[in-house]
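In the form predicted on its own, a lone chain appears below as structure tokens.
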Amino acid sequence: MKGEPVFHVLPDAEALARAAAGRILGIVRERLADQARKRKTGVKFHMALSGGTTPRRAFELLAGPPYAEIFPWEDVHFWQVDERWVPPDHPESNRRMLLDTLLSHVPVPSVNLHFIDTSLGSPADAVRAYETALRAALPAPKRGFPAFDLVHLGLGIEGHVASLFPDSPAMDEASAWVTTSTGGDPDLPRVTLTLSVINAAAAVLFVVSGSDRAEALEKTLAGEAVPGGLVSPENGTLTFLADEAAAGEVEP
């Protein structure tokens, strides 16, 4: 990891959403500017976004002014961190949430959108298709895993990240980029990036809200053996944004 994790506490959920939107934009612009200084041409930014309820407001902010007008949409490829095994138009679909709050409202090229395909025959089929797409699109991986420019994560009540749940066999996957999982609320089959892929990212951004996440956040920051506590980018940065309710158990 590049230095110690960065931890910021915001006063409420709205301030958290604004901080998250600003940080996402900042990471994108900083990374692309760095590549331009190195005179690399044709460079694209690859970002994996989480679903769920917490990021909705941040995505809505990115879809509106001033963010939408200054975000480099054509240079950013959007991927999913995970997906529930439901149809794309289902209320529990992360794909639907990403489209409804952000991606259908901004001028991002359709070729820059990469979704987990739940119309295939099984989660295993979707895993194979998604990993094939990742291997075709991302730069040659170091140590066997793709280097996302940014992985955006939430945090579950029990400390899960992506669709990696405590005691899930998916937590032990050491070679695949994508795997199947089961769990969560609702308890459904899922497709998820693996912990190894998350930890290969150049930047990981946690956004955590609500008092029901306070214990999980405290354990995650302490590096305890919950899924969130195992997120530690090998050569990347780790940033936590939390509202005061979520940060209630964290020692100053």
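Start at 1 and count along the sequence shown; that's the residue number. Computed from a predicted structure; not experimentally measured.
We do not show the form predicted in complex with a small molecule, though everything after this point is about it.
Colleague: Does any part of residue 189 reach within 4.5 Å of the small molecule in the predicted complex? Heavy atoms only, please.
Modeller: Contact with the small molecule, no.
Colleague: Is there a heavy atom of residue 154 no more than 4.5 Å from a heavy atom of the small molecule in the predicted complex?
Modeller: It does: once the small molecule is placed as it appears in the predicted complex, residue 154 has a heavy atom within 4.5 Å of it.
Colleague: Is residue 94 close enough to touch the small molecule in the predicted complex, meaning at least one heavy atom pair within 4.5 Å?
Modeller: Residue 94: contacts the small molecule in the predicted complex.
Colleague: Answer for residue 52 alone: is it within 4.5 Å of the small molecule in the predicted complex, judged on heavy atom distances?
Modeller: Looking in the predicted complex, residue contacts with the small molecule include residue 52, since a heavy atom lies within 4.5 Å.
Colleague: Going by heavy atoms within 4.5 Å, which of 131-139, 169-177, 76-84, 116-124 lines up against the small molecule in the predicted complex?
Modeller: Only one stretch qualifies here: 76-84.
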